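Okay, so here's just one chain, in structure tokens, the form predicted on its own.
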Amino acid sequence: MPELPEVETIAASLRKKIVGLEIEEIELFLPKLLRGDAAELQRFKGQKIIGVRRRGKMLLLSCEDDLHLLFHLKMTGQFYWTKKGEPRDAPTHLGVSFKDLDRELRFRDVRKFGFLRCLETPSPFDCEELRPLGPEPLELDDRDFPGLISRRKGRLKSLLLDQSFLAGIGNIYADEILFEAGLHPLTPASRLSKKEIGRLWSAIRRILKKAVAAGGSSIRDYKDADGMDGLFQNDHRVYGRKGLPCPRCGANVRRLVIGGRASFFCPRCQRKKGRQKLTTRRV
């Protein structure tokens, strides 16, 4: 699933191309993509796009008159450009054409898990999909993080994946962040020292900023809206590297399944804190 760096990259590439354009038509080819009535899409005809923003792992295209298109890419959602009228392939579920432009923006999703919602509100971040999200990690004040994590008791890997804690972090970046911080994924947040909390917060910021700068990670079919691959997969140090040597100490990277999600870590650089009951399985 595209995470914060990937969706931020998509938002940036779309922002350069579509802000200021007037929507000519929106064609929906897969009804279940839209959460709502297809007639809602007609309200966007003739509207100018005034902003493209990311919130968590979701993308918000804002138009005049407090109208917004909220996309969640889920596992395989992608935006791409094509010539207007070009035949579409089966996974293409939406097309957006613009006035005086001979190209159109399309949304494709092989797995069909993504969704679109039309919003009419001056406060789109208050919708039911976005309201539960926690703070944005690249916008949160340094002074607020210790208080935020001190109220949590879950294991670090599960906590980082909890979108109500911090918005936008997924499996890839949770593993890379914990390696950067030298913390075991099963460590309870309640057992972190002040120094370890500081290391974790620095790692969150450092890894996410580096990943955004690299255009995200292309490990399956992720591309940005210009069709470009991300490059951060070349800097992964533990994610997907089971059995390979840790780049820091040389120990073999291990894989655990935590809450149904694969977790990669170095057993030497990320040691457990004291005794912990393992309810996970090593694979």
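Remember, predicted model here, so these are calculated numbers, not experimental data. Numbering starts at 1 and runs along the sequence shown.
Form predicted together with the DNA: not shown, discussed below.
The listed set Arg205, Arg199, Arg88, His72 contains one residue whose heavy atoms approach the DNA in the predicted complex to within 4.5 Å, identified as His72.
Only one of Gly182, Gly170, Gly134, Gly95 lies close to the DNA in the predicted complex, with a heavy atom inside 4.5 Å, and it is Gly170. The stretch from 207 to 215, 137 to 145, 79 to 87, 157 to 165 that comes within 4.5 Å of the DNA in the predicted complex, counting heavy atoms only, is 157 to 165. Judged against the DNA in the predicted complex with a 4.5 angstroms heavy atom cut-off, the residues Leu33, Lys45 and Lys99 are out of contact without exception. Contact check for Lys153: a non-hydrogen atom falls within 4.5 Å of the DNA in the predicted complex. Taking non-hydrogen atoms only, Arg255 approaches the DNA to within 4.5 angstroms in the predicted complex. The DNA is not drawn, but in the predicted complex it has no heavy atom within 4.5 Å of Gly20. In the predicted complex, the DNA sits within 4.5 Å of a heavy atom belonging to Lys57. For the stretch 103 to 122, the set of residues having any non-hydrogen atom within 4.5 angstroms of the DNA in the predicted complex comprises Val110, Arg111, Lys112, Phe113, in sequence order.
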